[in-house]
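As a starting point, one isolated chain is supplied in structure tokens, in the form predicted alone.
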Amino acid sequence: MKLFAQLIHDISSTTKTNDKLEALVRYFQSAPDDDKLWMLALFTGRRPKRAVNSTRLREWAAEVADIPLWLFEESYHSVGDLAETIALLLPEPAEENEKSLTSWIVFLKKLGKMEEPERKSEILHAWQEFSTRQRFVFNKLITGGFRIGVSKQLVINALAKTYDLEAPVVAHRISGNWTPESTTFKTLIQGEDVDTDASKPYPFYLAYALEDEPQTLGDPADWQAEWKWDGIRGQLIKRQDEIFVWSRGEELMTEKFPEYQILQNHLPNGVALDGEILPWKDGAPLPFNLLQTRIGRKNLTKKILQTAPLVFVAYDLLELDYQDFRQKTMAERREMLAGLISEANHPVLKLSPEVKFIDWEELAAHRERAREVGSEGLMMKKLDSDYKVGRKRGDWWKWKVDPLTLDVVLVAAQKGHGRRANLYTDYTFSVWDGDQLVTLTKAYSGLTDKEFYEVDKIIKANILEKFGPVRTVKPELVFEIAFEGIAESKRHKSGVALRFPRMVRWRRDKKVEEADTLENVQALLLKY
């Protein structure tokens, strides 16, 4: 655990990528294999479930620190992180332990099966054995909120450097449906029996946003264009007579999409498709929020399946007849994909249509009508490109439509987390419905640090009411927000939900009375 806590400290203490890489390499070189496997699981989203209710942790920590609960809560709001707050408030440890990371993970798994008095006793005893750094990491693990500022790609690069492997090879080996209980570090990384998992996906190839004019890409004849769909990026795989569905975040989501099981009878074994999971009806995509209604449900009722029926819009072929096709050109993969989907001949599986164009001006005109077909914009892919791993510049670009915008009024705020723990940076916005302000959306990004400090000062001087961590604010600040889409929603007072809202600018030039109205919002809803 000391080694792991030191790794977290080293990573958190720098913003330099090379320093983080070297810290990861040092850990892989020095930690035992079972700890390396758990570290890899934690860094790739395979976290153990939360073992203890956070409310109980607050109460127990306040008791051990011998402070009233209100003072603990105030400390938490100042620090902005529960795990760090507990680590800082607890008294110095009576002793330090030498247990491994794996031992503590096993301990956490046992906690969930204990009665509360025993659970409390075990946690309080554990707190007494940790240094502040170790407590912080332990608390992150126990709350199920373990996240660290390291990309998966950096972990892949560290493994590749440590074990003298190619990064794409490592990326593929650590993907899939493995857990620390189902494999060993040596099996996973050194390639022994790496193909035993029939569900194993391929690492996704990600596009960069096109910020320049498309003319900078050269000859239009070298490129293929498709619509950029607003769904869930996924891989649909059939191997050993089973269908598997993976999200881009490497979550196995097969049971969430029962519509795809019919493809067992229409696809050959040894196939992996890259594409978009989309709600689709009457020949067109449905709003993304309908897809969201399905994801969080354990049981999919007949009504839900009828309201948000799904298709898989495929745009790449990664495997055919158990052969890896990623090194073939985009043009070759597309041709074989079209033939495969034609032969499958089932409406739940669709080929992403090409957007035909002669020159960049014609493609720009197609982009202008993207929202009319339920798309976010265009994808451009070079015809001679292979299928790479991760985000790479050059061959794949996304050219999204310009965002929609509204001028809205700040009506409530709460403090942020991390370095923004003492600042009100999480804002709630409203628009006018007659002479009343109705809540529309929340946003917490888009301003400069200087602007956040300035807005925070105004908020603190104009607080009206307190509701837990939320503060209602005198409505006097107007902001322009941008968003990618809009859809009906019964969850909001305004009756709509915005997709990816963020602040574009602080409208110092506008009075509150000049902010947008609910009528304006509804007009956008009807248009898009």
Partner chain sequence: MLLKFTKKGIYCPAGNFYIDPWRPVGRAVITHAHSDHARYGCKHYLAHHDSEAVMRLRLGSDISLQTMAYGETRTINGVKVSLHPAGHIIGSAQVRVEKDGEIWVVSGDYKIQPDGVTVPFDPVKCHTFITESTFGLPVYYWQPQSLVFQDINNWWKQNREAGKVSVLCGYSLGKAQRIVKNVDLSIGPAFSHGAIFNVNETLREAGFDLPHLPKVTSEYSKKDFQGALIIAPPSVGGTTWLKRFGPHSMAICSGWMQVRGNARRRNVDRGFILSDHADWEELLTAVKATEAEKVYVTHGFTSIFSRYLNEIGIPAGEVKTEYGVEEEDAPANEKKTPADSTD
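Since the structure is predicted, the reported quantities are computational estimates derived from the model, not experimental observations. Positions refer to the first chain, counted from 1.
One more form of this protein exists, namely the form predicted in complex with the partner chain; it is left out here, but the text below deals with it.
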For this chain shown on its own, do 303, 307 and 519 all sit within 4.5 Å of the partner chain in the predicted bound form, going by heavy atoms? no
Can you pick the one in 324, 386, 74, 335 that has a heavy atom within 4.5 Å of the partner chain in the predicted bound form? 74
Assert contact residue (the partner chain, in the predicted bound form, non-hydrogen atom within 4.5 Å, options 154, 363, 421, 437) equals 421
Of 279-287, 238-246, 453-461, 403-411, the segment with heavy atoms within 4.5 Å of the partner chain in the predicted bound form is residues 453-461
Would residue 136 sit within 4.5 Å of the partner chain in the predicted bound form, counting heavy atoms only? yes
Distance check, residue 415 to the partner chain in the predicted bound form, heavy atom within 4.5 Å: yes
Please determine whether residue 470 contacts the partner chain in the predicted bound form, using a 4.5 Å cut-off between heavy atoms. no
Is the gap between residue 92 and the partner chain in the predicted bound form 4.5 Å or less for some heavy atom pair? yes
Mind listing which residues of 40-73 have a heavy atom within 4.5 Å of the partner chain in the predicted bound form? 67, 68, 70, 71
